[in-house]
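Taking the form predicted on its own, here's one chain by itself in structure tokens.
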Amino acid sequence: MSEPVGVALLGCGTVGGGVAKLLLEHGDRLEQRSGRRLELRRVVVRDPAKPRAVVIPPALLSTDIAAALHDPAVHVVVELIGGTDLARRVVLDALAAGKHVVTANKALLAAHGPDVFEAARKAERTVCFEAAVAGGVPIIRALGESLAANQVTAIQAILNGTSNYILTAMADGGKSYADALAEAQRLGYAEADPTLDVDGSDAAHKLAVLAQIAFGVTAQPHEIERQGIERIDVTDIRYATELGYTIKLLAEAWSSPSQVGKSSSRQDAGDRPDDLRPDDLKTVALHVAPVMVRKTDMLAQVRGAYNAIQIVGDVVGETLYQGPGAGMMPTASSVVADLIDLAVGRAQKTFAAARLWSHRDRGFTVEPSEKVRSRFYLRLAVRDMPGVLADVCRVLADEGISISSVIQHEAVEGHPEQSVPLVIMTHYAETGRFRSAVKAIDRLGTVATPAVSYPVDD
């Protein structure tokens, strides 16, 4: 009989409790699938006396991280502490002690991926992280293995269930942002302090991980431009509905050709010219922002606290991966899947071949999101007087931006100085030039309040 795989669990909160439950209650099933017993040997927590959702034998509980890392009966350390500073020290110590590591910590990988993976290679050990992005959705394995024959050309993803729940509540129930957030907190989808979820930081961490796998680029989270959902107004939700769209917080990566003058584009990411070889794709733009998505699009159908990742590959075309992006058992499912892969030996081979966060150059560089070409939604509150639309059109024309459609309703009582709402949909334009136009429009004396704008995905 094969030797059991000893597991030390560092952190036993929501996800850790789910992992412990699977290991303690479904050991026979897991052994059948891995060929070896996955044996929980240590659970390190801050407070062993704290009540937990799963009953853990008292003999397994301790507060001693060092003892767990240096226990010869432990082969794999599962890091579920969270944060970056302590987690980084623990993971590096575990690797130095000869242990494999499984982590769900996207912030750690985004901020310290090169250090962690270099340490793993030197120690000839493996780091697995399926649970770090999209919880129970097996997107890491899909990108690294199932789509390995492809060069990814675009990623569009809903990577934060809290934000998606809030936006769904605003679109379906007509709730304000504040009311939708309060509901998400009441139901346990949002933390008491939801900042990292709603400001785009969480999605940016996850996008950094996906970009490393798909393109080999190392982007620090602060290098990924992000805009959250805190300022989304029900007015724009209503206009989006009128125009046939819904608003989603998307984490996006767009690749573009290396030729001078070519830009990343929503327009052509999934429809490359026949004579464009994968080797011609040399730059990638990364950003997180609310995007107006056509209601018929697959991502628009993702509701509530679910995650979804749409991948465009040069061989396979468009694929979509959807499921619960957080929670005890969905995330625990991914953690234990990594443990099974380690027990079987698949993870070690994949890790060695992929050489993630290494100096291996795949030819991609990160370009500013200003270069991305997109259509745009622009909402203005303008004075109710002749010539206003002409002034706005002139500014857009100066930046080479043409207009697709205009909506102008009657003056609305309560708007600044009886202003009129003016909504413009543009044709494709570079993001940088559109932003320049918006700044100029805001300086017009006929515009009452700062413009509101969102990229439009078609």
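Not measured: the values here are computed from a predicted model. For every residue, the number given is its place in the sequence shown, counted from 1.
The next section is about a form of this same protein that is not shown, the form predicted together with another copy of the chain.
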> Taking heavy atoms and a 4.5 Å cut-off, does R121 contact another copy of the chain in the model of the complex?
Replying inline: no
>> Can you tell me if E145 lies within 4.5 angstroms of another copy of the chain in the model of the complex, counting non-hydrogen atoms only?
In response: yes
> in the model of the complex, does G113 have a heavy atom within 4.5 Å of another copy of the chain?
Replying inline: no
> How about P324: is it within 4.5 Å of another copy of the chain in the model of the complex, going by heavy atoms?
Replying inline: yes
> in the model of the complex, which of the stretches 96-104, 235-243, 378-386, 316-324 has residues with heavy atoms within 4.5 Å of another copy of the chain?
Replying inline: 316-324
> Among R394, R433, H26, R52, which has any heavy atom within 4.5 Å of another copy of the chain in the model of the complex?
Replying inline: H26
> If you check A171, V198, V284, A337 against another copy of the chain in the model of the complex, which one has a heavy atom within 4.5 Å?
Replying inline: A337
>> Each of R33, A149 and M329 within 4.5 Å of another copy of the chain in the model of the complex, by any heavy atom, yes or no?
In response: yes
> Which of the residues spanning 116-141 lie within 4.5 Å of another copy of the chain in the model of the complex, based on heavy atoms?
Replying inline: G136, P138, R141
